[in-house]
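First, one chain by itself in structure tokens, the form predicted alone.
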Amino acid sequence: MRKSIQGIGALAALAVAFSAFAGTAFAGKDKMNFGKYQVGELRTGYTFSTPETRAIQDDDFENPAFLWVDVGEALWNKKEGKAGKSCASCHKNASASMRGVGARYPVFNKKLGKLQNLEQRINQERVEKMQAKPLKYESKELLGLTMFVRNQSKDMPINVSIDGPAAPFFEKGKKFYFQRRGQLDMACANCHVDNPGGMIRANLLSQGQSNGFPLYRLKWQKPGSLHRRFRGCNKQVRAKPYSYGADEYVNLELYVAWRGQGLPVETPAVRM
């Protein structure tokens, strides 16, 4: 067992070393002009994608994620629950009422005494205002509604609040981001701060920005939430993932959003 763990550690060190080498080879791409997808030193995952993947995202008719956005729009107008209400019953036209909402979540919820992300707020509204059942994380319905709402803020800059009551949760998210975990003894920062542009196994590392989520991942052949990506990363370093909607992930979500402050909302993005 001890030899096995040592072997895993050696593989991790080799992967990081190769990542640094590949990052040097990738450096020429830094000189490209990516327009709105690059703000100073900040770059969205779009800039690390292949031209073919970027082309899929650029065309709303080719972007398969819009099938889920359409699902979300239908649910926005669908009356459900004992109250006989829909999202539109209270919020009317989403293009006006939801403009900017997706750019500022997660936020501190005074009633809950902690952070709340967009998925959780949608479910809170369903339960309290519509008297309907909450939607399951990663379900087509919750992904669709979240993508529809966030799409109303497309191209608006990420603008989360990290002060006031949100401050201690931001610090928890930051601590999580830099904490090594799992058998590979790696932190989020090892990939997304130290080696963006490099390779780890067959994966090209980006800055790990969250501005495109929920997004369509070609590997998944469907959209997924940011928490699905967090869980996947935890599994890759051989760490036990937290559950969807866990406080740890919502705190991390705020920190990651802050890292990309100023980048445009890209939902629904397309990635490998």
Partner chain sequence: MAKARVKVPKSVKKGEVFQVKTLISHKMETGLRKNKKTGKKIPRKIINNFVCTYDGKEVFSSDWHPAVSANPYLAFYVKATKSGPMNFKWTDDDGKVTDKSVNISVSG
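Computed from a predicted model, the values in this text were never measured in an experiment. Positions refer to the first chain, counted from 1.
This protein has a second form, the form predicted together with the partner chain, left out of what is shown; the following refers to that one.
The partner chain in the predicted complex reached by all of G84, R121 and E125, non-hydrogen atom within 4.5 Å: Not one of the three qualifies.
Contact residue in the predicted complex, chosen from F230, Y216, F48, Y37 - any heavy atom within 4.5 Å of the partner chain: It is Y216.
Among 205 to 213, 40 to 48, 239 to 247, 62 to 70, the region lying within 4.5 Å of the partner chain in the predicted complex by heavy atom distance: It is the stretch 62 to 70.
4.5 angstroms heavy atom contact with the partner chain in the predicted complex for K140: Close contact exists here: in the predicted complex, K140 approaches the partner chain to within 4.5 Å, heavy atoms only.
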